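Just one chain follows, in the form predicted on its own, and it is written as structure tokens.
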């Protein structure tokens, strides 16, 4: 078999570098000053308007909250689309996430179904399990979940927020799915539970967005301003809702593709 020459393999890299240079060089060589109006406004008024020390949270949950709503819709469509594509491709998803008997007309009883779990007979015969993946993930799962909620709820004070914390929460859910101890499994990895959490979180986000209109504060206005003088309360609530939405959605998708036992 003839190996590709170094010159031919370097052509895509050289082409990519030329394309990047063509885009970036005019920006750095231009004499037009960088726009600083929005930056200066946020630096001077961001904390006072939103109560969030982390100005990133002030932007995506305050000034650009409408964009955040669009991003959650994109995530919802992406998760649904991924599950749909996997189902039509004949992939064997975890039990409860789809009906394997109707996937691409294949009878699941005749398929070798993958699993990330130890065999039941090994579970019963070994009190001290040696499967490194399951042992480590079973221990780290609750810790990762706790850290995810911390990142989610304290995103207004430090780097983090709903999206970042939600991804960490999803990682904790996946760890729980991989490291279920003995024959027991947590309800947090079940399709029905994750689906309900995601749907409820998305409904709460919609209600939070229109509640400001009902109270005369405008779309995504702070409805809590009538009840508390703490402006960051609304951002904390939105971070929690978005974190649950992201965590349940990504966790749902990841658990679905882990496979199941016979």
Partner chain sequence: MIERILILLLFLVGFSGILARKNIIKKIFGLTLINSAAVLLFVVEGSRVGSQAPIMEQGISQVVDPIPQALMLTAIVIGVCVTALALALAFRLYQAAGSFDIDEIRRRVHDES
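Between two forms, the rigid core is the largest collection of C-alphas that superpose within 1.5 Å. Computed from a predicted structure; not experimentally measured. Residue numbers count along the first chain shown, from 1.
Just so you know, the form predicted together with the partner chain exists too; it's not on screen, but the next bit is about it.
Student: Using a 4.5 Å heavy atom cut-off, which stretch among 29-37, 205-213, 218-226, 192-200 contacts the partner chain in the model of the complex?
Tutor: One stretch meets the cut-off, namely 29-37.
Student: Though only this chain appears here, would residue 132 touch the partner chain in the model of the complex if you measure heavy atom gaps against 4.5 Å?
Tutor: Although the partner chain is absent here, residue 132 would stay clear of it in the model of the complex, with no heavy atoms inside 4.5 Å.
Student: Please determine whether residue 25 contacts the partner chain in the model of the complex, using a 4.5 Å cut-off between heavy atoms.
Tutor: Taking the distances in the model of the complex, the answer for residue 25 is yes, it comes within 4.5 Å of the partner chain.
Student: Would residue 250 count as a contact of the partner chain in the model of the complex, using a 4.5 angstroms cut-off between non-hydrogen atoms?
Tutor: Yes, residue 250 sits close enough to the partner chain in the model of the complex that at least one of its heavy atoms falls within 4.5 Å.
Student: So in the model of the complex, does any heavy atom of residue 75 sit within 4.5 Å of the partner chain?
Tutor: Residue 75: contacts the partner chain in the model of the complex.
Student: Do any residues of 136-173 have a non-hydrogen atom within 4.5 angstroms of the partner chain in the model of the complex? If so, which ones, in sequence order?
Tutor: Stretch hits, in order: 157, 158, 159, 163, 164.
Student: Is residue 66 one of the residues whose C-alpha moves 2 Å or more between this form and the one not shown after the core fit?
Tutor: The answer is no; the displacement is under 2 Å.
Student: Are residue 30 and residue 56 closer or farther apart at their Cα atoms in the model of the complex than shown, with the shift being 3 Å or more?
Tutor: Relative to the displayed form, residue 30 and residue 56 draw closer in the model of the complex - a change of at least 3 Å between their C-alphas.
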